[in-house]
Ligand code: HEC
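Only one chain is given next, in structure tokens, and it is the form predicted on its own.
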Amino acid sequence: MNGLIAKALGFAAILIVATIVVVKKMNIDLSDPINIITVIGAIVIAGLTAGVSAKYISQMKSDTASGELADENWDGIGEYKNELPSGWAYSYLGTMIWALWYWTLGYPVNSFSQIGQWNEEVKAYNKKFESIHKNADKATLTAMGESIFLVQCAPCHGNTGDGLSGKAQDFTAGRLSKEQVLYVIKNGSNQLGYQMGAMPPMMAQGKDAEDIATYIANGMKGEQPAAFAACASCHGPDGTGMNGMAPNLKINDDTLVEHVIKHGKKGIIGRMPAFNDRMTPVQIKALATYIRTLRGE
């Protein structure tokens, strides 16, 4: 046995022993067929690594290039038209066969998984949660909404909902600022997925747009400008959104918060992502209830 083979066998032995030590220290359950397959695979890889390394290092020391050169060359360096090494070909074929076995028999894609179990447990818990809090009173919803707000919303809107000095929507002020209304009038909006569809841009211009923006920003108090008729066709004469057909311009009602949670919204500091998969209907209602308390609605 030459020195190179001895070193290769020693290296393989070290890798195998290291694998066994790790398995024992991590208390891996070898009664699980997946764990057994993994350990066997690690041992096989260790042996193949050592064997292939020894083979090709030995060839580099003794073999000389031979065969027919290909016509193409790069800077005078050409390639020989040699057959693909049988080891590579068999390894590739074996990998494909093993993959098909693993996906269909060894560990089918529709079999048990921890992620699948977790998803099923979350669904069951959410169903129970919705049932328990289906008719929750305002105090319960407010307390629940506050905890949700502090975890999900406060990083951008601030712990008090003040929008961090203009960096995000300020829930302690009016429903919409004058600047926000003017922006939507100029650019239109189709972010929230309401039944009325997209609001086209330039529904009002000049003084009419200014009057509408001032009126909405002031909580729709005082005399309604004549130009507001363009808004009333979708938002209703009172601006409350015609029973959820369009956004409520006066308060952050349940429907508005639900649409923002489900669709996300472009904001001052970037786009707010959709949180639809993180909240149940009761949690969204609770969040809306709490948000309204931030300015005494």
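Computed from a predicted structure; not experimentally measured. We number the residues from 1 along the sequence you see.
Missing here is the form predicted in complex with the named molecule; even so, the following discussion is about that form.
A.B. asks: Among the candidate residues G106, G116, P200, G78, which is the single one with a non-hydrogen atom no more than 4.5 Å from the named molecule in the predicted bound form?
C.D. replies: Checking each option against the named molecule in the predicted bound form, the one that comes within 4.5 Å is P200.
A.B. asks: At 4.5 angstroms, heavy atoms only, are M196, K265 and F275 all close to the named molecule in the predicted bound form?
C.D. replies: The answer is yes; M196, K265 and F275 each reach the named molecule.
A.B. asks: Any chance N126 has a heavy atom within 4.5 Å of the named molecule in the predicted bound form?
C.D. replies: It does not: once the named molecule is placed as it appears in the predicted bound form, N126 has no heavy atom within 4.5 Å of it.
A.B. asks: Does any heavy atom of N190 come within 4.5 Å of a heavy atom of the named molecule in the predicted bound form?
C.D. replies: Taking the distances in the predicted bound form, the answer for N190 is yes, it comes within 4.5 Å of the named molecule.
A.B. asks: Contact between N243 and the named molecule in the predicted bound form at 4.5 Å, heavy atoms?
C.D. replies: Outside the cut-off, so no.
A.B. asks: Taking any heavy atom pair closer than or equal to 4.5 Å as contact, tell me whether I36 reaches the named molecule in the predicted bound form.
C.D. replies: No - in the predicted bound form, heavy atoms of I36 and the named molecule never come within 4.5 Å of each other.
A.B. asks: Which of 67 to 75, 87 to 95, 116 to 124, 173 to 181 has heavy atoms within 4.5 Å of the named molecule in the predicted bound form?
C.D. replies: Comparing against the named molecule in the predicted bound form, the contact stretch is 173 to 181.
A.B. asks: So which bits of 231 to 247 sit within 4.5 Å of the named molecule in the predicted bound form, heavy atoms only?
C.D. replies: Heavy-atom contacts to the named molecule in the predicted bound form: C231, S233, C234, H235, A246, P247.
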